[in-house]
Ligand code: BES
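The chain that follows stands alone, in the form predicted alone, written as C-alpha cells.
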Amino acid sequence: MTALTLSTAAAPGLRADAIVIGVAKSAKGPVVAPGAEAVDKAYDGKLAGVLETLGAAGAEGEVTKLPAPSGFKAPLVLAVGLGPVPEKDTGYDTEALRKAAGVAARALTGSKKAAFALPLTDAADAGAIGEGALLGAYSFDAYKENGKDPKAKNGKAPLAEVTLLGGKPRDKAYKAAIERAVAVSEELNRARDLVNTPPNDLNPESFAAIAQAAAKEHGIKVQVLDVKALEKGGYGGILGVGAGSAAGPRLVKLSYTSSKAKKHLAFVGKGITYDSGGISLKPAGHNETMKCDMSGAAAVFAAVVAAARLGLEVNVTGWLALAENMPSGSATRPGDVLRMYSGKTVEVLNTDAEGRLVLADALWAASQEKPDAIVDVATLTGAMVLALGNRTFGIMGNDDAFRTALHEAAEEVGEPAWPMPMPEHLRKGMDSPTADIANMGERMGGGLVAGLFLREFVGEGITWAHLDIAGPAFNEGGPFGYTPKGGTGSAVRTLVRLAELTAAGDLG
C-alpha cells in the first residue's frame, strides 16, 4: 500500500521523483493553483505560460510533465488539471482535488516518491488529496507473471510514497484526516481486490475465511453459517441460489460494537461470487465479468472493517449473503418455490434474479436485531444501469428522509447516486398464484420492482434503504480520476460516511 505523510518542507529542497502541482482552467488560459507558489517562482512567475505552450488548459484529468527548475532536488514537475477555476473565495471542491490526486498517482506509476503541492487549505482538503492518491495508486497484479516482482520484465510498481506539502503534521485535525484517508482507502482497495479475484479462487467458503481473518485482526465478532447451519435455520433463499454449485453458500455476520454507541446500523451485501444465471443461463457475452456480482458484500465487508479501524461510536453489523449461482442437476429451477427465512414463500420465475433471494434472507436476519436502520448494497439489476448509466448508483427506501440523507452522504464523498421511486402499482406484478410472492414482476421498471421485492423482507417499522450499484461496481472501460479498470469499491465510502454521521448524531 502506498505510504501517506504530511510535510511542511518547501518543494525545492524535497527529495522526490516528482512534484505534483495543480493547474485550473479559466477563460484567459491555464492558472497555476495555490500550493505551487514555490514552483511558479522558480519559473520566474511564468509557469502558466510554459504550461500553455505545452498544450495544457487545466481541464479535469489532464496531465502535463515538464523538467523541474534548476535547484530543485526533484527532477520532474507534473501538472494535473483541476477543472474550472472556482468561484471567488469558495476554494477547490474536495472531489476535484480527490480526482486530481488520483490522476497524478496513476501517472506516476513506477515512481518511489512524489510530493503533492496541490491546493490545501484545511484538513478536509488533506484528507481528499490523500484519499485520491491512495485510491489512484491502486493496482491488481496478483495473477500476472510479474505480480510478485513488480520490477520483473516491464512491470511497474504503484507509486510507493505520497507526501502532502502544506500540511500540518502535528495538527490533530490534519492527522485525523490522514488516518481516515488511509483506513478508508486501504479497506476500499481490499474490496477492489475481492471483486477482481477470479471466481475459481473466490467462492463463498474462501470469502468467509477472508472475512474471519480480517475480523480477528480488527476485533470484530464474526459468525459464519455454513450449509448445515443454513438448512437448520431455514434460509431457503440463500440455499436455493447456491443449490447448483459444488461450493456451498455461506451467511457471514460481522459485528463491530462501540461502548459509546447510541445507534445500530445494519449493512447487508449481495455476495454472488459468480453468477452464471443458473438454469436461466445468461446469454453469451454476459458472463465474463460476473465475478463482480459479490461487489455489494465486498463493500459491506470493507465498510464494517473501516468503521472498526476508525473507532466510530456506532454499532455496525455487516451481513454477507454468499453463494455461487450455477446450473446443474441440483440447481433451483424456474417454477420452484422456496420457503424463505422469514417464512414467506417465493416462486422463482427466473433463476437469474437470484440476488434478491439471498438478500431477502439476510435482510430478515438483520431485521431480527431491530437496528435503527438497514442498508443493503447489491449489483442487482441491469435495469438500473439502463436508467442511470455506468457511474451512478440508485437509492431506494421506505423513508424519504433517510433516502435523502444517503444521497447527500454519497455525493459528499464523491460517489454519484440518484434517488429512485418505489411505485406501489408495480408490486402487483409480483403476485403469484402458487406462492406468497414471485421473484419477478413487470419488465419495465425492473430495478424498481427489485426494490419492492426486497422491501417485503424488511422488519416492520425498520428504516431501510437499498443501493443498486450494478452500474459503477465494475469499470469495464479505461481508468479515470482515482477509479481503476475493474473493481471500483463502489458504495464503501457512502456506507462509512453514513456510519460517521450516525455516530455524530447527525441523522436523528
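All residue numbers are counted from 1 along the displayed sequence. Not measured: the values here are computed from a predicted model.
Another form, the form predicted in complex with this ligand, is not on view; read the next lines as being about it.
Honest question, do 270, 293 and 382 all end up within 4.5 Å of this ligand in the predicted complex by heavy atom distance?
Every listed residue reaches this ligand in the predicted complex, so yes.
Pick the stretch from 169-177, 282-290, 395-403, 210-218 whose residues have a heavy atom within 4.5 Å of this ligand in the predicted complex.
Correct option: 282-290.
Answer with yes or no whether residue 51 is in contact with this ligand in the predicted complex, where contact means some heavy atom within 4.5 Å.
No - in the predicted complex, heavy atoms of residue 51 and this ligand never come within 4.5 Å of each other.
Taking heavy atoms and a 4.5 Å cut-off, does residue 350 contact this ligand in the predicted complex?
Taking the distances in the predicted complex, the answer for residue 350 is yes, it comes within 4.5 Å of this ligand.
Heavy atoms within 4.5 Å of this ligand in the predicted complex: does residue 275 have any?
The answer is yes: residue 275 has a heavy atom within 4.5 Å of this ligand.
I'd like to check something about residue 467: if you look in the predicted complex, is any of its heavy atoms closer than or equal to 4.5 Å to a heavy atom of this ligand?
Contact check for residue 467: no, nothing within 4.5 Å of this ligand in the predicted complex.
Between 187, 131, 324, 354, only one gets a heavy atom within 4.5 angstroms of this ligand in the predicted complex; which residue is that?
When this ligand is considered in the predicted complex, the option within 4.5 Å is 354.
Of 56, 68, 454, 440, which residue is found within 4.5 angstroms of this ligand in the predicted complex when only non-hydrogen atoms are counted?
For this set of options, the contacting one is 440.
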